[in-house]
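Consider the single chain below, provided in structure tokens and representing the form predicted on its own.
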């Protein structure tokens, strides 16, 4: 008779740490946690550095964080489309030039053409202008996708050619001129003092967001019960609901803590016959319109990728294009639609960027393609295809813009900024490779 001792070998149960059990219970994305940690390190690092060197920290202030959110919007919108492009193992190097071309087209439309047809500052000018920009971007993206899918030209070559061609086309359309001033209503899309929804509107948005978070968690639990899927612990659902709600309320408090400058307040008071009290008149900016556009795009794109056949096809093509084609997916037509969607979002980003600038120039969007690709990759989109999330790309855009803003605040010159951005992009790809190797 042989006695077998349990020495804690491979059959012994593996004891998990408290952190591993927490992540497993809440089903949090470890990459998301890593990006949030990196973002916190960047924010506090720049703030503390400014406090030590300059005597005050300028990064973690309502003014800087509000401007950071607005500056992130344009890149973030395009990054939502770049996720799909990279997931399907393609690349788009032309988005910066396409943005510049769409901006010029919208500038010509609202400054040179429409005033002659319907009058200066007509209420419909901004609507027609945005539609024209979206159509232009979609057609350009669809053309790129058609050349890639139906003529077997590599995406790198097609979009590299587009990078050059559309920048030149923008110069020809505008004759090298800066087109301004843009329509006053259109300019609100860029997030000026008037291009924000104020304190009350921000609280409404925040409360709607809190309600949505709570309802989503409740519906997700109910759906799991209905289909017999494993349920998260009740405390995990409460944790997600509370943290999500707290983040939204904190964002509302933050944007409402940034007030209009005194000069704008005095002008506003004079125009509306308001007496400014001795203590001063404080008017909150609230959420900027471009930030709300980015959030809306992020929500819609996340739903498309997680809840629709189109999204499933995108992941299937990225995972194995040959198998996807054999399964009956029209991969060529899907490629055209993906690049058309990328062009649509680029046109929308062009509206935000040109509205913020208050004019349209053919140089608008220069090097944006690098920041958009970097945002998607930093956000966890794998260049090998098949992996990527919309919220990750938006968070990646925040990381990229935080690096740029922080370096400007502490006085780094443009050369060092470019070195840092390039290094971060290479590091992100290295970490992606490392993550995929360890995940196997």
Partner chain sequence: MNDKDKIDCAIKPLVDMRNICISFGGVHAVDHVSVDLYPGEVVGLLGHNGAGKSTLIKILSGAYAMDSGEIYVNGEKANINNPRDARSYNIETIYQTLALADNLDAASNLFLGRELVSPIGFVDDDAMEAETRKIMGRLNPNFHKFKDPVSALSGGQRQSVAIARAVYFNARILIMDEPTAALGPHETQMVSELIAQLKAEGIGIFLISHDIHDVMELCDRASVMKNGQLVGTVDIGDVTDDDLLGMIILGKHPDEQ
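All figures in this text were calculated on a predicted structure; none of them were measured in a lab. Positions refer to the first chain, counted from 1.
The protein also exists as the form predicted together with its partner chain; that form is not presented, and the subsequent description refers to it.
Student: Answer for residue 180 alone: is it within 4.5 Å of its partner chain in the predicted complex, judged on heavy atom distances?
Tutor: Output for residue 180 is no: heavy atoms all beyond 4.5 Å of its partner chain.
Student: Would residue 120 sit within 4.5 Å of its partner chain in the predicted complex, counting heavy atoms only?
Tutor: No, residue 120 stays farther than 4.5 Å from its partner chain in the predicted complex.
Student: Check residue 227 for me: does it contact its partner chain in the predicted complex (non-hydrogen atoms, 4.5 angstroms)?
Tutor: Taking the distances in the predicted complex, the answer for residue 227 is yes, it comes within 4.5 Å of its partner chain.
Student: Report yes if any heavy atom of residue 296 sits within 4.5 Å of a heavy atom of its partner chain in the predicted complex; otherwise report no.
Tutor: Taking the distances in the predicted complex, the answer for residue 296 is no, it never comes within 4.5 Å of its partner chain.
Student: Where, among 283-291, 120-128, 303-311, 269-277, do residues come within 4.5 Å of its partner chain in the predicted complex by heavy atom distance?
Tutor: The contacting stretch is 303-311.
Student: Select from the listed residues 260, 315, 239, 171 the one whose heavy atoms reach within 4.5 Å of its partner chain in the predicted complex.
Tutor: The residue in contact is 315.
Student: Which of 234, 139, 327, 367 has a heavy atom within 4.5 Å of its partner chain in the predicted complex?
Tutor: Spelling it out, the residue with a heavy atom inside the cut-off is 327.
Student: Does any residue in 346-363 get within 4.5 Å of its partner chain in the predicted complex, counting heavy atoms only, and if so which ones?
Tutor: The stretch does not touch the partner at all.
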